[in-house]
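We begin with a single chain expressed as structure tokens, specifically the form predicted on its own.
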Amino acid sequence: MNVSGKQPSCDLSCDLMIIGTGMAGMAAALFAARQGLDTIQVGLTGEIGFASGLIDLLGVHPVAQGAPVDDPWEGIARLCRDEPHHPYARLDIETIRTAVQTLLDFFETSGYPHAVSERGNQRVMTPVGTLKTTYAVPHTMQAGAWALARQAPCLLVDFEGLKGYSARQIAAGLADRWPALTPVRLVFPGGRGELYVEHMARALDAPAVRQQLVDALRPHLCGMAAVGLPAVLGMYRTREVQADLQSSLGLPVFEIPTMVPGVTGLRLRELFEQRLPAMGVRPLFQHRVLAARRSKDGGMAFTIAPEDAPRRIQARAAVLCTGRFFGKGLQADRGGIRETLFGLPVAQPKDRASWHHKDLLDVQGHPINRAGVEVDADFRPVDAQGRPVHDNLFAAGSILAHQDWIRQKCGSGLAIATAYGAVKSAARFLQKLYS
């Protein structure tokens, strides 16, 4: 990428540069901090605002059969046997377990614990009235998985002025699988006109607002075993908000994800933004990388925005976590699909006509969804001959080839596991460099 305007005016240096702030980028920064690496992270943090807060490991395999996976660990083992080029296959099961548990421990100590089931995957409601298979759920959603498993009678609540979320629609969509759902629409405390989930969540951090909500809910609780609300149970005090509501109502209270971007993603964003700097990561959030090149000493030189006063970063190694088309890690045009920062080779169908099947809802998924950057066993991007393009460049997350995270329901797991593998490889490279 070319940079116009002034030359970089401020130099920074680090051992490791993390490029990206989606789940893979945030997880990579966490793992780098745990490795004690001098790390700078660059990216636009709006990406993780689209996260559901759920940690999916593997929900469907094989995709063509639409077969649900109950035990994600057994499912990953089968996936790696059936698809040896899938990014999961670059890691053993215990390494993936370690990566996921490290992140879950981080959430726990940060006050936003996630719950897992001894039986494996859990199922939670979605805002469109379907069920989603996932591995770990925020503590605010745990009672929903419990109530679903028991088919317990639940009150589903929405609010006047909240767009894109309907308790009636959710109940109707699940009527044949969970008939004991009763929808109700209330007025949110102090709410007038159009509502926004972020404002609602921040409002519920206040005890007085929670009490008003309790008073509005009480007349509708007869015969109910739990209460389901849109994901607005606080921003910073989710444990306190949920515990207070449950104590006042005498019933379990749970969240249902809303349409993205939602509070669940904002919570993760603010959690990472607050905790990572305290762990030693130097964030340059709301900046983007404008250019990257090899330095004469074998390291990497990056130029980052803003363009009117660009800054230059020298790094010994880098982890690329820029995502796919939405994150602008990949770009498609009439000539094909390209990686936007380093110009890395992209594994892709032979021509545009092969990108998609004729059937929009083809059960196999579309070939373009598996396009991406190929990596070796150390998560270094490789060329057509399988040789590393750069010995100090690593990649993680959805930019990797040979996976369809949307259909396989493995987005967070893929991001976390490959970020762990990429950072471990980068740490080994740096150790050799300095030894």
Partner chain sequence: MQTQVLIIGAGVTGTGLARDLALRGLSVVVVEKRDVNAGASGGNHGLLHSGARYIASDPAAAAECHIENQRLKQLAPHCIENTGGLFVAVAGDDERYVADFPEMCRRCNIPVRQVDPKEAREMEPTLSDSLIAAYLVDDATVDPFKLSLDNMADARRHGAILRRHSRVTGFQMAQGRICRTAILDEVTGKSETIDADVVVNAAGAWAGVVAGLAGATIEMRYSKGSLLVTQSRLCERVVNRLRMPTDGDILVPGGTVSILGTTSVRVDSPDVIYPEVQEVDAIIDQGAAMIPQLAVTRYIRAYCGVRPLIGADDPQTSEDDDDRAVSRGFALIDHTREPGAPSNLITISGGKLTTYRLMAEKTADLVCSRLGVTAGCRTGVAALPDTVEARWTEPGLAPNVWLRQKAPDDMLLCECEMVSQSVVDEIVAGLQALDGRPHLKAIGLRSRIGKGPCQGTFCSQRLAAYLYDQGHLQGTDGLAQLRVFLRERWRGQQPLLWDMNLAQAELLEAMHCGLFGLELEKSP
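Computed from a predicted structure; not experimentally measured. Positions refer to the first chain, counted from 1.
The same protein has a further form, the form predicted together with the partner chain, not shown here; the description that follows concerns it.
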Gly164 within 4.5 Å of the partner chain in the model of the complex, heavy atoms = yes
Using the partner position in the model of the complex, report whether Thr258 sits within 4.5 Å of the partner chain, counting heavy atoms only.
-> yes
Can you check whether Gly250 is within 4.5 Å of the partner chain in the model of the complex, heavy atom basis?
-> no
So in the model of the complex, does any heavy atom of Thr126 sit within 4.5 Å of the partner chain?
-> yes
For the chain seen here without its partner, which of 35 to 43, 377 to 385, 22 to 30, 50 to 58 has a heavy atom within 4.5 Å of the partner chain in the model of the complex?
-> 50 to 58
Can you pick the one in Arg316, Arg324, Arg210, His86 that has a heavy atom within 4.5 Å of the partner chain in the model of the complex?
-> Arg324
Residue (of Arg168, Arg97, Arg78, Arg282) lying close to the partner chain in the model of the complex, criterion heavy atoms within 4.5 Å | Arg168
Even though the chain is shown alone, can you say which residues of 356 to 372 have a heavy atom within 4.5 Å of the partner chain in the model of the complex?
-> His356, His357, Lys358, Asp359, Leu360, Leu361, His366, Ile368, Asn369
